[in-house]
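Included below are structure tokens for two forms of one protein chain, each presented in isolation as structure 1 and structure 2.
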Structure 1
Amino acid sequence: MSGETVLVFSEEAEAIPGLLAAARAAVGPGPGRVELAVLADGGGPAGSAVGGADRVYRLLLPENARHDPELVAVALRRAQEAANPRLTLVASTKRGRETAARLAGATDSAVSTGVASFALEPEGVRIRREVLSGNALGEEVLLGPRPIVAVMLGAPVPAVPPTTPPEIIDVPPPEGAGRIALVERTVKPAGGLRIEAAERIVSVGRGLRKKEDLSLIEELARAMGAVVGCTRPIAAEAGWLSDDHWIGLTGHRVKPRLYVAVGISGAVQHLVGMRESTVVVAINKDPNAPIFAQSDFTVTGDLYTVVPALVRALSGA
């Protein structure tokens, strides 16, 4: 719809180009505006590509406050008041969902997370979002002023350099201290894993007996030119791999050309994250594993026998 304003926010710089593109498509050609709120160090640059944004609000939060979704929501509300948007759009990440919920509570606005698509309509914002653990899409209309939508993003969208520099407005930090304190910082290595962009993935589940056996999966991935993924128990419960590798309903959504599921039973929560793969190969010793029903090729056998044999075959040994 023309003449509308959409406010975009994400704590993850990689998500901003995709959100800006979705917002621009929603407002359409003409006088519609897309405005962007970003976290920034005091006086520092926005820190992300702002191509497509008509205005940028820099939320000048102190470093320890950036980890507190409540304080982030307070700062974002100030940007929202200045922008007066028809819709506030955030990424449906863990922190994005937390911030969206707090902002909605503070402004008495409608909110929806896990949104697959949205459209601005005269009566409200029409959304489609996953229901029933991702097995169906429900359609709803968010009514009232300034609804908040947390949208799921697909593959990363390349940043578009701005044709004209957007107007920059600094939003001062909220007064008072939050309830979350920064205790320790661990620097993530540069060039960290972006599993959504991988064309080949070898993913492992609870069929793996111990952490040391991850070397088997890593060796297969190297032989295939693939990256390593995993199910929720491997990342969230056992802690054998970081959340960067976690594929599923509450993890990452992937669409590789080839997905190899090793020792994965096929719970619906995992299938949601990989079901758009072009070709799926499943390796499981249980002939009745649900993953087989979702696979193009199946291997019934113990991964401790099958994986080394695959590595040998791929390496020509």
Structure 2
Amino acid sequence: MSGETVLVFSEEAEAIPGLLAAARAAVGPGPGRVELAVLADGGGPAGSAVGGADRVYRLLLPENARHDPELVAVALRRAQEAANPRLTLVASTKRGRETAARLAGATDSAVSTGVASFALEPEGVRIRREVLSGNALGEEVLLGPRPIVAVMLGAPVPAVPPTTPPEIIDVPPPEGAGRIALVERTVKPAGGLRIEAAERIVSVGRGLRKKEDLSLIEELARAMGAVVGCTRPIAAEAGWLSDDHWIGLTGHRVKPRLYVAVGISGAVQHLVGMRESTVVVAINKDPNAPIFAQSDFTVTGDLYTVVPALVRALSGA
């Protein structure tokens, strides 16, 4: 379709180039427009990544207002009214989903999040997204005016410098203060584990009997040049590993070249987090464990025997 506008917004500057590229692809060549709304709340670089936008709305919010999705949505709605877009596109981050939902509630519009792909069709916006905790894909058509899509973005796309400076429009701050007070915000320390970037992962589940036995898994990971991952019970319930290691629906989603699942039965919420791995190995006592159907190589056996044997085989002993 041509001659339509997609309005892009994200609280996170690093998401904007990817969103702009997705929006441009959706409107296609020709008279379609891509407009961008950015937060100007002093909480981060906003106006730098604007290459590819035909117009930029600066949402002038009180300092550090991004913790309040109501304020953000009110401001975004003003940009939406000015742009009159066919689609409003945000990043499916936690803040993005929250803003999308509040905007949809305020404007009584269709919204979807975690969207893998979308297309503008005459009838509405066709989307495809994971459903059933990642076990299946769903196709929906968002109907009615002002639909909002929160799209999953892959690896960050580098920002494109604008060829011609876009038109910039300031959106004045909403009247009145927000109703949520920010007590404290801490930026997570960089240099922590970024398991999403790992090339190889050795992951452990409930097959592990006690915390001390993690050394077995760590040894295997070292021998493979891998980082250690885990399932929800190991992180959230037992607390043997921090959430940085947790792979699954509400943990991290990974796509390493090699994923070794040790003592993991393969609950659906875990499988969705590792399904995109290139090669999957499962080591489990139970040959009927669901993980086996999702694996390339399977070893039926006790991890307490198999893992030390693997470490020896890798060290050439």
Partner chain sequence: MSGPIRLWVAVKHGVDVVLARADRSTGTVAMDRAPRKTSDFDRNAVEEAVRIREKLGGTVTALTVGPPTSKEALRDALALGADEAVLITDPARPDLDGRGVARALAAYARTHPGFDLWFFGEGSTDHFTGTIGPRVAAEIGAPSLSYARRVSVEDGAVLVEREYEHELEKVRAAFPAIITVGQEINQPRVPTFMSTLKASKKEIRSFGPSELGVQPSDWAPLARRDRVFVPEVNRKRQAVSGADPATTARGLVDALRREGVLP
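Whichever C-alpha set is largest while still superposing within 1.5 Å between the two forms counts as the rigid core. Residues are numbered by position in structure 1's sequence, first residue being 1. These numbers were taken from a predicted model, which means no experiment stands behind them.
The form predicted together with the partner chain: 1 or 2?
-> Structure 2, not 1.
Does superposing the core leave G105 with a CA shift of 2 Å or more between the two structures?
-> Comparing forms between the two structures, the G105 CA shifts below 2 Å.
Rigid core superposed: R126 CA moves 2 Å or more between the two structures | R126: C-alpha displaced by less than 2 Å between the two structures.
Rigid core superposed: R58 CA moves 2 Å or more between the two structures = No, because once the rigid core is superposed, the C-alpha of R58 moves less than 2 Å between the two structures.
How much does the C-alpha of F297 move between the two structures, in Å, given a rigid core overlay?
-> Spelling it out: core superposed, C-alpha of F297 shifted, distance 6.5 Å.
Keeping the rigid core fixed, what distance in angstrom separates the two C-alpha positions of A238 between the two structures?
-> It moves 8.3 Å at the C-alpha.
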